[in-house]
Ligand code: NIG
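So this first bit is one chain, no partners, the form predicted on its own, shown in structure tokens.
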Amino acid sequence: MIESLIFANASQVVTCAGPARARRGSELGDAGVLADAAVAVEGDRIAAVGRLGDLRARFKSAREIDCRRGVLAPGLVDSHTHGIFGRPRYDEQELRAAGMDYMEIARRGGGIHASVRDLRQRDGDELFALAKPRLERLASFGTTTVEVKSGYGLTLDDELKTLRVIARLQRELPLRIVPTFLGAHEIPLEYRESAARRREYVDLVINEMIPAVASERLAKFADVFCETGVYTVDESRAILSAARNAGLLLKLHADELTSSGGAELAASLGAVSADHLAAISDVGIDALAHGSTVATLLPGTMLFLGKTKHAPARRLIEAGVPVALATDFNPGTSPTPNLPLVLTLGVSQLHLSVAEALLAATVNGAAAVGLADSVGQITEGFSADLALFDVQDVRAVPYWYGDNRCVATFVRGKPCHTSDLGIF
């Protein structure tokens, strides 16, 4: 029997209602905040949004959930994370504090390489045991959909091991998890000794890893770290073209630290998202403005790295580029599961309005993982992915920075995370 629910007595319902696609420009200015509304759910879908009395008359057998004057919003969508890893990298934070930059740490075998060495020593069960509570913590902040990448294995077996852990998490957690293959996260140290060896690794990604990932249907997306000192534009194009031919959708780490042409490449390939973009060029902005690629901005990363230059969010929005926000949750450069904190940074550092930040972490986040037709809105027919916050005004979600005000989340109409407040 399909269960019916009515979410009642919210101080505000933030619908984010509108087109089932990424929002651009002035479309980002209205989050659809309703002050006197309730939400009906049937099974795994939103059935109606309206006045409580009308919904009670229409859904007579529905069980009511008292929102206790909190804010009911679409579940947040974290469209860029690296959630499968072993040990944290505390030492690198201290090295940066002492003046060593990201690329120098990487050249000395730290950074991604440190996580690669660690992950290769762990089996799938151990990685699952580490990842599960991390993703549950992420869900506790209001996230109901999360993209999770591989990329700390960088061998065929270790990349497949990582993706199989993600598949197990999909089966065992109520979160909606979107898997991404990132075998091109770095050039492994053992392939850096010559140009020929470097080409061998690129060929390995193209000819062995991608076919294996596609054959087992372990990923929805393929991603490449296109950056000076990592993958060139030509290497990234070759890898992503092979992934597209294998049936994978495309993402790209682009222009994080230097303007290397990543945004232009993402637009030319029709990538679903181009992520980071702190060093995007004017040409890159123009390329994204004339395409469909979502610009996923990760201000938590720049904050943690001690950088003062963030992605030019206002210029991107004014140019008509659809903008999303995500945590970049990872062990080295953004160890936070707190997407509301990223909303704070979106407002205080990227100069977004609260509505723009919310839409960037719901509708546009959903677009960045190819789910804008079913996730990210409280609208009839959409998935019943909801987050309830213990605030009376949605502007308080990014205002109380670092504070977790999420009371509960639902995914597909079922509880995902609940607090100890006794609401359910």
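Keep in mind the model is a prediction, meaning the values are calculated, not measured. Quick note: we count residues from 1 along the sequence shown, nothing fancier.
Only in words, not in the display: the form predicted together with N-(iminomethyl)-L-glutamic acid (NIG), which the text now covers.
Colleague: Among F304, Y201, F225, F128, which has any heavy atom within 4.5 Å of N-(iminomethyl)-L-glutamic acid (NIG) in the predicted bound form?
Modeller: Only one option qualifies, and that one is F225.
Colleague: Answer with one of H310, R89, R237, R164: the residue that has a non-hydrogen atom within 4.5 Å of N-(iminomethyl)-L-glutamic acid (NIG) in the predicted bound form.
Modeller: Residue within 4.5 Å of the partner: R89.
Colleague: If we define contact as a non-hydrogen atom of the residue within 4.5 angstroms of the partner, is F181 a contact of N-(iminomethyl)-L-glutamic acid (NIG) in the predicted bound form?
Modeller: Judged by the heavy-atom cut-off of 4.5 Å, F181 is well away from N-(iminomethyl)-L-glutamic acid (NIG) in the predicted bound form.
Colleague: Would R176 show up as a contact with N-(iminomethyl)-L-glutamic acid (NIG) in the predicted bound form if we use heavy atoms at 4.5 Å?
Modeller: R176: no, not in contact with N-(iminomethyl)-L-glutamic acid (NIG) in the predicted bound form.
Colleague: Please run the contact check for L350 against N-(iminomethyl)-L-glutamic acid (NIG) in the predicted bound form: heavy atoms, 4.5 angstroms, yes or no?
Modeller: Contact with N-(iminomethyl)-L-glutamic acid (NIG), no.
Colleague: Residue-level question: is T145 within 4.5 Å of N-(iminomethyl)-L-glutamic acid (NIG) in the predicted bound form, judged on heavy atoms?
Modeller: No, T145 stays farther than 4.5 Å from N-(iminomethyl)-L-glutamic acid (NIG) in the predicted bound form.
Colleague: Counting any heavy atom within 4.5 Å as contact, can you tell me which stretch out of 166 to 174, 342 to 350, 329 to 337, 136 to 144 lines N-(iminomethyl)-L-glutamic acid (NIG) in the predicted bound form?
Modeller: Within 4.5 Å of the partner lies stretch 329 to 337.
Colleague: Let me know which residues along 72 to 97 have a heavy atom within 4.5 Å of N-(iminomethyl)-L-glutamic acid (NIG) in the predicted bound form, or say none if there are none.
Modeller: Going through 72 to 97 in order - heavy atoms within 4.5 Å of N-(iminomethyl)-L-glutamic acid (NIG) in the predicted bound form - the hits are H80, H82, R89.
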